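Here you get one chain, nothing else, as structure tokens; it is the form predicted alone.
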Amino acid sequence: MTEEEIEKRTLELLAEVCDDEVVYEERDIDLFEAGLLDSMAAIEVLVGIEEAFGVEIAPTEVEREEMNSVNKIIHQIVVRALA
């Protein structure tokens, strides 16, 4: 899987979980501060990442600040999936 494919699938996942297309445009927005993610939705994102990419990210493994924007989430997946 390429970085572009990871990016595309992650954007689709986040748009679905956040129920907002803004994730395509504002990729550095803090998803929690914007009210697009809460703790339950964040778990849904982690489960979606594992299903889509085979990458497991435990909630205790990363700080919220490391996965609070679209770009940061994509980075975490790329680092693990392409390692």
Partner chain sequence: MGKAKLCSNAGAPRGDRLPLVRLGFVLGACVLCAVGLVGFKLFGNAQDASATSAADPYEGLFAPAQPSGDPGQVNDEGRYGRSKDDDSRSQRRHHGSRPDESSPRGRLLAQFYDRPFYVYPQVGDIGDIEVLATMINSRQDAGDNPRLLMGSSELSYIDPMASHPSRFFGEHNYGIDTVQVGKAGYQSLWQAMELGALDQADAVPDRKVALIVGMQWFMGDGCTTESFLNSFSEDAYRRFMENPRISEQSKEVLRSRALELGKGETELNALAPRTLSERIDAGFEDFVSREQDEGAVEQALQDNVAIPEGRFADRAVPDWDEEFARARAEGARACTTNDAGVYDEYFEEYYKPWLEGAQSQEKPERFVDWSQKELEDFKLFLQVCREVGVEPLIVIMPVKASYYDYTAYDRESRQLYYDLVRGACDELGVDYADYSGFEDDTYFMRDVMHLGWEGWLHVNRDLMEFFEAGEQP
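Residue numbers count along the first chain shown, from 1. Small disclaimer: the values here were computed from a predicted structure and weren't measured.
What follows is about the form predicted together with its partner chain, which we do not show.
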Inset, instruction - With heavy atoms only and a cut-off of 4.5 Å, decide whether M67 touches its partner chain in the model of the complex. - result: yes
Legend entry - Residue contact check: E63 to its partner chain in the model of the complex, 4.5 Å heavy atom: yes
Legend entry - its partner chain in the model of the complex - contacting residues of 41-59, heavy atom within 4.5 Å: A42, L46, P59
